[in-house]
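The chain below stands alone and is given as structure tokens, in the form predicted alone.
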């Protein structure tokens, strides 16, 4: 390690203050901190001594995403070969999925990090690590054959409008990954919805259709999938949001490491379950009659609640606020998917809506605490006055 450290120090010299490439120091610093923990320390002000920094937190989230990502890669090939009716092995399916998904990840990181590097150089600050997660989330929530140039534009919109316009990492009010998906959904609707976009190359092969469960229910069609298939993820859908099983594995990693809020995750599933159970009492169509517990297994609900609703920047910050925020995300997700047949997937809009209201939730939670303490103080003073 000392050899590598010495080499990095030699390469760093042209980027030091007063050197030839000083203005590009933020870009070099970003590459350096991928290898080594920053050696600077806080000199003044209140601070917490902790070995966990933002980069390590983001890497933990990336690790939590990997089980769903790897399954999504396999499922992409599985759906493709299953619909063709051809014999295939696990590695055939995985290789086909990798050929489709890896370029999406490369484009997402290249465009997003490129923009962040440019802004870091222009503003003269270090590159933030928030895009480590966003850059992986965006391709994971897109259809598998989403054109790469459309993906690049969606990523650029999310980073420029969703992050940099507000000041960068930690300042955004909306989840950037969901903002990219929302932009793609409204800008390129024919590539983001329908019964062919969810299976690889379905647009180019006659007879292949990958209609999602929610799409079938919205159209009043019968389902051909079992609850076990819904839970395992062997169904059409966005790249990595079909398997509730592997999403829950990621959730366990986030909760055990303290990176993700278990209150938001639990609140999201509770809110969705309660709303689904309530709407099941009025089964006038397929979506209203869809069992409440199966609502938790399909669409992007589980993935959205675990990996996006828990975004520490755009979510509620207070403990009670996290419960309220999570429950409302779950409630609105089911409401939108059931009561809007034109858009039978509601988690994206539910989370974006609650991102906007998260500061308001925290404001009233804090105000309630203040008022309660004021009343307690007045009561104590009254008791002292009487005695």
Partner chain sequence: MAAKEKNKTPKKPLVLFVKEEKEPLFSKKNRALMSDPLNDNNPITVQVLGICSALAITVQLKPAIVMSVAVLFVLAMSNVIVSVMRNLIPNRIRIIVQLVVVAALVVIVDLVLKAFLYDVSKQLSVFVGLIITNCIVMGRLEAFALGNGPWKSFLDGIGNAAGYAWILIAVAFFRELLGSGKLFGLQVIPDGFYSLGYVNNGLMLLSPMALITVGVIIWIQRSKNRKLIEKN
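These figures come from a predicted structure and were not determined experimentally. Numbering follows the first chain given and starts at 1.
Just so it is clear, the following notes concern the form predicted together with its partner chain, a form of the same protein that is not shown.
- Annotated contacts: 119, 161 and 186 all touch its partner chain in the predicted complex [non-hydrogen atom within 4.5 angstroms].
- Though its partner chain is absent from this view, in the predicted complex it lies within 4.5 Å of a heavy atom of just one residue from 278, 102, 256, 165, which is 165.
- This chain is displayed alone, yet in the predicted complex one of 225, 231, 157, 109 has a heavy atom within 4.5 Å of its partner chain; that residue is 157.
- Picking from 135 to 143, 258 to 266, 178 to 186, 69 to 77 the stretch near its partner chain in the predicted complex, with a 4.5 Å limit on heavy atoms, gives 178 to 186.
- Taking the partner from elsewhere, residue 252 is found to have every heavy atom lying beyond 4.5 Å of its partner chain in the predicted complex.
- Taking the partner from elsewhere, residue 123 is found to have a heavy atom lying within 4.5 Å of its partner chain in the predicted complex.
- Within this chain, residue 150 lines the site of its partner chain in the predicted complex, having a heavy atom no more than 4.5 Å away.
- Under a 4.5 angstroms non-hydrogen atom cutoff, its partner chain in the predicted complex has residue 191 among its neighbouring residues.
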